[in-house]
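Quick heads-up: it's one chain on its own, the form predicted on its own, in structure tokens.
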Amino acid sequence: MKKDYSILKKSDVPAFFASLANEMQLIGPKQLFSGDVTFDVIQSHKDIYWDYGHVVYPPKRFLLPHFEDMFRYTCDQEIKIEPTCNPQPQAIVGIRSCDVAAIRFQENFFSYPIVDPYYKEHLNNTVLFNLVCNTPPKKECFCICCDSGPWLESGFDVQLTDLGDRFLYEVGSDKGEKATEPRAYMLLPATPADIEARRQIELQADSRFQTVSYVAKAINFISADEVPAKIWEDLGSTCFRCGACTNLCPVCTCFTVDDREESDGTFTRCRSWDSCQYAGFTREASGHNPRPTFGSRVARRFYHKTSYQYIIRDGRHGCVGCGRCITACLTKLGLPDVVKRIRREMHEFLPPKEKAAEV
């Protein structure tokens, strides 16, 4: 759709989102009494904490809940299934570009080859108001290496860029346009100076990042299955198996399902987050585990993140550069560190001719 720029004055922001709250639940960054910021249900537009940098706990849980009842069933005379998932309309306001990119990755993952009706329902009822990062990123951030920030060219429903006393307002989808239309009278036309101010933010972005990740090199080695098992086992030997990397990753989609017996004799099928770093994640009913070692599970995680085979299927590699895996891992198994270690250690395994080309 044609990109259209408008201006939303900050003095009109309270009225704008108070109006939106009449139509859907607002989710947004909220400052806790401890000073930490987390995404939560917004009861008042005053609770939206716009001046935040990054949150550790990604907002993916509002589309893929930690625990979710999928349906209820009985098995008496005949099997009866009753849906229990009934998402309500919601807007995630102030979500960062990397998290929007991660949600688009999950959208693709849960749409092909089998459509996940639960995720689809959540997404269909969600409008994403992306907030461009125009303050210095955290030292762990590397979204600019992953084409997922600090601003987006597409994938958002509405994108907001802070220009001081106003937001540059971009509509990026039909869903965003529909959410904007009843409040469009609060928007003003953007001037060339507003567009230029946004352009300057883009130009300054490169120099602000401290972390880089040469993902392309890992894609080559891992796609060709050239990384020796010894490297994976060395990496796996330092893993605590805490699952923090996969739980905090806004892209990861691992889940398991359980059946819960209710007091009335019915059963509820529910799902909950899981982690490919846990030994039981791929254990089969026979007891056989195709990934029995720590190294094989670390290899699996990075194969899913960076292999060409998954890039073809998922439309992009499985990292948005949010840096949460760097923050969470005590043993430096975040993606940039692993890519760096693979790149360096593979140097010992390359024949001389390839080694020269690699340097």
Partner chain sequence: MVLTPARPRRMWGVTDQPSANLYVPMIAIVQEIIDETPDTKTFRLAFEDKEYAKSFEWEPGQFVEVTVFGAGEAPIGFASDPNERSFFEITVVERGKVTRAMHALKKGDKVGIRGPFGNCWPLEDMKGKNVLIVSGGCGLAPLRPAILQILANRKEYGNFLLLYGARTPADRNYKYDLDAWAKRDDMQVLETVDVGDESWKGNVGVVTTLFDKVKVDGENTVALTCGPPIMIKFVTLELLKMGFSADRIVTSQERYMKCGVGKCGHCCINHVYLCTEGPVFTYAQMKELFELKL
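Numbering follows the first chain given and starts at 1. Between two forms, the rigid core is defined as the largest C-alpha subset superposing within 1.5 Å. Nothing here was measured: the structure is a model prediction, and the numbers come from that model.
Not on display, but discussed next: the form predicted in complex with the partner chain.
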query: The partner chain in the model of the complex reached by all of 81, 259 and 286, non-hydrogen atom within 4.5 Å; finding: yes
query: Of 151, 118, 169, 209, the one that lies within 4.5 Å of the partner chain in the model of the complex (heavy atoms); finding: 118
query: The single option of 248, 222, 190, 158 touching the partner chain in the model of the complex, heavy atom within 4.5 Å; finding: 222
query: Residue 114, heavy atom within 4.5 angstroms of the partner chain in the model of the complex; finding: yes
query: 4.5 Å heavy atom contact, residue 242 and the partner chain in the model of the complex; finding: no
query: Exercise: residue 309 in contact with the partner chain in the model of the complex, heavy atom 4.5 Å; finding: yes
query: In the model of the complex, residue 280 touching the partner chain (heavy atom, 4.5 Å); finding: yes
query: Which of 72-80, 178-186, 126-134, 196-204 sits within 4.5 Å of the partner chain in the model of the complex, heavy atom basis; finding: 72-80
query: Sequence-ordered list of residues in 299-329 near the partner chain in the model of the complex, where near means a heavy atom within 4.5 Å; finding: 300, 303, 304, 309, 310, 313
query: C-alpha of residue 165 moved at least 2 Å between the shown form and the other one on rigid core; finding: no
query: Exceeds or equals 2 Å, Cα of residue 278 between the shown form and the other one, core fit; finding: no
query: Core fit, then residue 84 C-alpha moves 2 Å or more between the shown form and the other one; finding: no
